[in-house]
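Just so you know, structure 1 and structure 2 below are the same protein chain in two forms, each on its own as structure tokens.
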Structure 1
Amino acid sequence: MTYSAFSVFLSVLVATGAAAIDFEVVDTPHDGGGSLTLRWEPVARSAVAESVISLGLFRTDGSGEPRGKRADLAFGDSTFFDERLTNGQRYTYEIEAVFPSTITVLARAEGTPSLQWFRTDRIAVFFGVVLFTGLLLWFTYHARSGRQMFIRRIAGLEAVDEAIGRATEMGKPIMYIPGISSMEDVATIASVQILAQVAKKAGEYGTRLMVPNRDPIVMAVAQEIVKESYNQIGRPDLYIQDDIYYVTYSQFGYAAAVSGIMLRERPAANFLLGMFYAESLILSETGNTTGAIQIAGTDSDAQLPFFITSCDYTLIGEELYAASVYLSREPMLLGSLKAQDFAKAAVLALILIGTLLSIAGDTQFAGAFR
């Protein structure tokens, strides 16, 4: 077919409302609205003739805005994603071919973006949330009813009473270091929860508790937690605000200052729980030289070897998160911990099943979780 004949052919198709190529505009699935997905039959040069200069995508909407160009298309393109659209408004798209002496519309289609309330491609996530919520309610109910629930013994937490008792017998203080991160860190949140339980036990024994802080926000939280813990056991007179203080925001300045406090005050028990970085070995080695019982814990893999080497007990990874539940046995927290354990077991089982089925050549099971 010559260029002239092909151009006339396309013109006739457009004039009669037909399309030279298959073209569809659909609402983008599984999104929050405001977008359309355009799909068309790839245009090959051999099909349109060598004289085509360029291909363009144009859009018209019903808001009165002039027709505008959305993109330059390459031969072989077949999709386009248009976003930042108005939900419920109808948009008209045209694919144009530019010839040396004329412009021809190869295809025209319309579409309207809309909001999807549910993402059907994440059904597996939905059922996972429902399952976890059911486990959470189930275990919380049984914990509140007084049913005993098994929690794996953690040596470092079993030694908390021993460490505080030793400090009491020796007439020496306890030092609690909540890490050097901010309250935005999960490890710091877990640490201040453990601090509440340590403060209660220290208050019961009447033992002085020192909490040096690197972050002023963490200091304020620690002060309130210790004060409330003393109030709960009926010993508000033991709270000394000056024992929970801000040192410095400098990482190694903080490490040097706390090391100096250890050497001067000689605490009988050191708790290093939270997020630590390069200063971890400085603090733990200094405490080790003073002869104190040291219980450390962090979720930082890089610092765990230093704590394991220089401390008496070390909480590894998620043991830090479970510590407050382990010490307090509060029903709501206990139910949450047990639900998480069962959910993790379920995920591991699904991974194992999916692996075995994939080895056997079945991909449908794994595809359901994509």
Structure 2
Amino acid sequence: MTYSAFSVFLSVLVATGAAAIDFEVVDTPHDGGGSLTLRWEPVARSAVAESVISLGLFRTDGSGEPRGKRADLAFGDSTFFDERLTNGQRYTYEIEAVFPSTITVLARAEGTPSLQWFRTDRIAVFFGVVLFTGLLLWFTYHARSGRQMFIRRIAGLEAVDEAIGRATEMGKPIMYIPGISSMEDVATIASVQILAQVAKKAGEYGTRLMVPNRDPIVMAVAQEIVKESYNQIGRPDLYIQDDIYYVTYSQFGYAAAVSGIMLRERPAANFLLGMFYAESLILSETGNTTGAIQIAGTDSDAQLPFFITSCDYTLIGEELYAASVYLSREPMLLGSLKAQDFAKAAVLALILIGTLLSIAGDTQFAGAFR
């Protein structure tokens, strides 16, 4: 932690017989400066004096500004964040007790806010990102050189062809639901990458693809992705903009609309890939009742049990992110899967070392990752 601010700890025993308060003012850690954190022991009315009316926090700075009241404090309070301060300027704070006829200073402390240039509390994340980027580049380089890489079989992704083929044989459409989150969610990015592969396969079979969206930005991206996929397989004529449309931003309104479409259009294959919330079971159970083959995938651990119960295949967590690579089999991208596997092995090794050290009584190693 970067406690670069000048911090003074001062306890004032007041003449009225009130108890001393441990009071400190420190520069707020890991921020862009301009704020101080004030901490003190919570004080009970009885510890000061029964006749006290209220507690107040006052601030003085060296700029010539008059002393001013910052806040009224409750007796149970113990912290206060003072913001919009000038970096490098020293501020003096006083906690005062207001009596019927007098005001008494209970504690006084000083502090100076300063700017931090690096979030030291995120140092473990920083090294993790650097190491992972290194691994990714290393394996991508090896993948470019044509080295064969073994990727374990993922049943849910092997079934994509089967699901699209079934829809083609039955002459029914395919429904692709890219979750209900926005484009800034990485699960949605992964989902539209899978959509590109599904659209190509659906286009090869000449099967209609429907994509109802909850987010208009996701809709715009999905339209472009599907159009581009059809172009790549030489079937731009298959693209129907009307099939990739916006439904509503309301979560349960979306669930109701998509359930209705499932019941009316009876798609033979449903893909539910992306970020889902409480509507996951409504969608997947409705799809289940229509007899569609369902492939689901999400990184939301709370929704996974629902998908596992209601869908034929479920991509669990990281499999969602591996799906587009798995389906495209692009050598450059396969390297990233290997990097993920190695990073996972490294994390497991760190967990094992941390567990053993913690059992041995050393908690510093595990603490460094908090």
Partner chain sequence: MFRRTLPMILAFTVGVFMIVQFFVPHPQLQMLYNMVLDWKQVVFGCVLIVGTMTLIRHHALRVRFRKQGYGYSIIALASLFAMVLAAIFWGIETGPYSWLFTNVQVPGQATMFSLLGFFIATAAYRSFRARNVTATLLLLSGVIVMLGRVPAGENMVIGGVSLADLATWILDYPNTAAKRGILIGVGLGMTSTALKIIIGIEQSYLGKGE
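Model, not experiment: these values are computed from the prediction. Each residue is numbered by where it sits in the sequence of structure 1, with counting from 1. Rigid core (definition): largest C-alpha set, two forms, superposition within 1.5 Å.
- Taken from the structure described as the form predicted on its own is structure 1, whereas structure 2 is drawn from elsewhere.
- Once both forms are fitted on their rigid core, the CA atom of residue 277 lies less than 2 Å apart between structure 1 and structure 2.
- When the rigid core is held fixed, the Cα atom of residue 136 travels 2 angstroms or more between structure 1 and structure 2.
- The rigid-core alignment places the CA of residue 114 2 Å or more apart between structure 1 and structure 2.
- Once the rigid core is matched between structure 1 and structure 2, the CA atom of residue 351 is found 4.4 Å away.
- Once the two forms are overlaid on the core, residue 146 shows a Cα shift of 3.8 Å between structure 1 and structure 2.
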